[in-house]
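Just the one chain here, the form predicted on its own, laid out as C-alpha cells.
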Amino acid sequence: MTRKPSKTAVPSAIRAGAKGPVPARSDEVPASNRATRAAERRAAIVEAAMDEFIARGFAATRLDDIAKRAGVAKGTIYLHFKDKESMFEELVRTVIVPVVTRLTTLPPPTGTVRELVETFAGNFLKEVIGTRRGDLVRLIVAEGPRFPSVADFYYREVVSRGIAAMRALIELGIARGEIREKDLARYPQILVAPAMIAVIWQSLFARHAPLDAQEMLRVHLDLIFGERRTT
C-alpha cells in the first residue's frame, strides 16, 4: 500500500503554487536586521523631535507632529520613549553630551592654562554657535524655568561637567601663577561666560549688532590672565 506524503514534507512554496521565494515571516527576520531598523526609526524620531523642539519650543511640541515628521505612527514613538521629556533627554544625550565630553577631555597641560581655555572655548564656539546645538541651549534657557526636571537633567549631563573642567583649569592656573585671583575657582562660570553670552546674543541681537565672539573671548581672557605678550 502506497503511503501518501505528509503535508509537512511539502515545501510551502509548492503548496501555494508560488513561482518565487516565499517572503520571510516577521518572526523569521534576523534579529540583527530588526535591531538595525529599530535603531533607524529611533534615530529618525530623535531627528524629527529636534526639528520640532527648535521650531515650536518644548511646551508647544506635540508627539503627533514628531511622529508625522519622522514618518512613523504615534504608537511607534512609545516603543522607544515613554513621553516627550524622555525624548528630549535622549536628544541632549545624542546631540550635546558627546560634544561636552569631547571638549572637557582636555589634553595633558603641556602649554599654558590660557591656551587650554582658548582651545576649549574656541571649540565650543565652533560647535555650538550658529548650529542647532545652540538652538537647543537657547531652548533650555528659555523654557527651563517652566520645566525644572528638564533643566535638572541638562545640569547633570552637561553643565556640571563643564563647570568641573573649568574649575580644574582655574586651579591649575592658580597653582602655576597664571591666575592671580584665587576666588575665581569659586565661580568657574565666569571663565566661560563669553561663550554663553554669545549663544544667547546670536539668536536675539545678532541682526542688530553682530558679535565677534572670538574677539570678546580674547578681551575676557586678557582680564583674567593679563594681556598676552607679543614677541
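We call the rigid core the largest set of C-alpha positions that still match within 1.5 Å between the two forms. In this text, all values refer to a predicted model and were calculated from it rather than measured experimentally. A residue's number is simply how far along the shown sequence it sits, counting from 1.
Omitted from view is the form predicted together with another copy of the chain, to which the following refers.
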item: All of 154, 193 and 224 with a heavy atom within 4.5 Å of another copy of the chain in the predicted bound form; value: yes
item: In the predicted bound form, residue 40 touching another copy of the chain (heavy atom, 4.5 Å); value: no
item: Any non-hydrogen atom of residue 122 within 4.5 angstroms of another copy of the chain in the predicted bound form; value: no
item: Distance check, residue 34 to another copy of the chain in the predicted bound form, heavy atom within 4.5 Å; value: no
item: Residue 62: touches another copy of the chain in the predicted bound form, heavy atom cutoff 4.5 angstroms; value: no
item: Which of 169 to 177, 40 to 48, 66 to 74, 53 to 61 sits within 4.5 Å of another copy of the chain in the predicted bound form, heavy atom basis; value: 53 to 61
item: Residues of stretch 195 to 224 in contact with another copy of the chain in the predicted bound form (4.5 Å, non-hydrogen atom); value: 196, 197, 200, 201, 204, 205, 207, 208, 209, 211, 212, 215, 216, 218, 219, 220, 222, 223, 224
item: Per-residue C-alpha change between this form and the one not shown, residue 167, threshold 2 Å, rigid core fit; value: no
item: Core-aligned CA displacement of residue 61 at least 2 Å between this form and the one not shown; value: yes
